[in-house]
Ligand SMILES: O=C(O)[C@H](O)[C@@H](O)[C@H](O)[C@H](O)COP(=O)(O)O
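Starting off, we have a lone chain in the form predicted on its own, written out as structure tokens.
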Amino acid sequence: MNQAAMGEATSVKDKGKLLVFENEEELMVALAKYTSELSEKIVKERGAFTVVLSGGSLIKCLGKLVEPPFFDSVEWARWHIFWVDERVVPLDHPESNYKLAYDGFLSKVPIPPGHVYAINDSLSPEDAADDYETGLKQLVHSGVVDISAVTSFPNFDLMLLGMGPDGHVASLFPGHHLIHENQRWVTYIKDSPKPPPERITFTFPVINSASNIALVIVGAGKADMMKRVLCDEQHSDLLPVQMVSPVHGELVWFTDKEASSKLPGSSLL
């Protein structure tokens, strides 16, 4: 990976690699390059590429993957798509992360429909979480999804995450007991502080067992939280985004200058 072509790279103590781009357009190109290169490498190694999506602005930031030269360089038939969290609503509902991803990304690439693992939207939150976890275990058994030899949790190839303005990731919210769940692969929440209230979500042991995690954070609205997350050591309680810490993988932050504008020295990046 050519860092000079991608933006300024900074190692953030114990928090991974921080990449800052001039604007969202440059970030999108860099994210497409990063993702397509990982796809090529991992498909050669294991014949499949397991990608975990989130909602929010992340899907828009994947936009360059559906354009040349990246579109033609990816073996889409080898991709398997999962969600780090999902709202328990019909798949065609405006709040559905599946619908967001389908409209903005999946409908534009030839990933086999059988490789796209949406929730069963006819189930309750509890049953939807159980059903999704059961499906993951079947994919582990069939060799599509690896298991981490270190953690014994699923080892996804790439996890693409965003960050909420309150520092949440997936549907793991500050101060909520689910941030401490360490047995389940997939769990459910019925009292999300952000609507809709009913969701399912991967747990932190699953998130942190990924081989590669990209945290994609754009816009001035995230600047204060970025400063707290990366620079403020006065808060003893970790925010969910600060709990993203791959056990044996690589964490890369993709940010634009607006999101990183309040970081020390950001004017030099």
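From a predicted model like this one, the values you see are computed outputs, not experimental measurements. One-based numbering along the sequence shown.
The next section is about a form of this same protein that is not shown, the form predicted together with this ligand.
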query	finding
Touches this ligand in the predicted bound form: Ser54 (any heavy atom, 4.5 Å)	yes
Heavy atom of Lys64 within 4.5 Å of this ligand in the predicted bound form	no
4.5 Å heavy atom contact, Lys194 to this ligand in the predicted bound form	yes
Interface membership of Lys99, this ligand in the predicted bound form, 4.5 Å heavy atom rule	no
Contact stretch among 113-121, 81-89, 174-182, 149-157 - heavy atom within 4.5 Å of this ligand in the predicted bound form	81-89
Neighbours of this ligand in the predicted bound form among 195-225 [non-hydrogen atom within 4.5 angstroms]	Arg199, Lys222
